[in-house]
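There is one chain below, alone, in structure tokens, taken in the form predicted alone.
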Amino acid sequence: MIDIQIDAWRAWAPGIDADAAWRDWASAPRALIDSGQQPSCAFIPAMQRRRLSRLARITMDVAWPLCADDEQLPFVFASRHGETPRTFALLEDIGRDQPLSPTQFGLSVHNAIAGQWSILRGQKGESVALAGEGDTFEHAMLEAAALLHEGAPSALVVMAEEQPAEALRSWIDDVPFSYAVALRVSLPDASSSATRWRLSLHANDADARPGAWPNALDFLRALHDPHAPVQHAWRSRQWKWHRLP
């Protein structure tokens, strides 16, 4: 069981990036048309921006405003599938007997985005890249809580997924559209007006099934509804989120 405070958040999905738009989506969640839109990330110099994949761009877009220019924050990047479109493109090149790009290969590894964040922001502290199962979001929050208990005043958590190539969608069926959710978290402070949450882990004795939406998006819905219960099941695990008074 962990207690954690959400000091600030940002999210991106195709056609949705403002708080008001997310509030509307949270009240009536729906699948979004994903035709490859991506944020401009104009705050990053053009030379560096050209090296960013779509997944990296949506990660930078949501995370960047949550970290001040002079801050050093631990960074937790979480993605179950990571740079799947980039990796698939590399496999297509192999299938066509084309030479592989060393740059594309180097940026396809799972911790590449965390590394790009560190370089672009001049971050010299801890960065973690996680790839779990359907409850990767909860594991990322556990990692952030561990960093906070080791002395970090705040941490930045980003959960991001990109819709996979068409050929992979019969295997990767838990990404309804590309999205990223960034949370700036700290240990609970009763004097703060920020929302405080308790995360607990239980056995999935009732054999509950995963919900209709990815866990990070479902939690985002709960941020907009103070009465919404949040329970995320995955295999033998049942994660329960409770808003603290």
Partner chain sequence: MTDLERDIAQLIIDTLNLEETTVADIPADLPLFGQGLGLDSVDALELALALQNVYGIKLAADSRDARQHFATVGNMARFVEAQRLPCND
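The model shown is predicted, which means the values in this text are computed figures rather than measured ones. Positions refer to the first chain, counted from 1.
What comes next is about the form predicted in complex with its partner chain, which is not displayed.
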Note which of Ser118, Gln72, Ser101, Asn111 lies within 4.5 Å of its partner chain in the predicted complex, where distance is taken over heavy atoms; exactly one does.
-> Ser101
Answer key: of Ala212, Ala68, Ala46, Ala203, within 4.5 Å of its partner chain in the predicted complex (heavy atoms) is Ala46
Spell out, yes or no, whether the shortest heavy atom distance between Arg196 and its partner chain in the predicted complex is within 4.5 Å.
-> no
Would Arg184 show up as a contact with its partner chain in the predicted complex if we use heavy atoms at 4.5 Å?
-> no
Could you confirm whether Arg50 comes within 4.5 Å of its partner chain in the predicted complex, counting heavy atoms only?
-> yes
Only one of 146-154, 72-80, 163-171, 92-100 has residues with a heavy atom within 4.5 Å of its partner chain in the predicted complex, and that stretch is 92-100
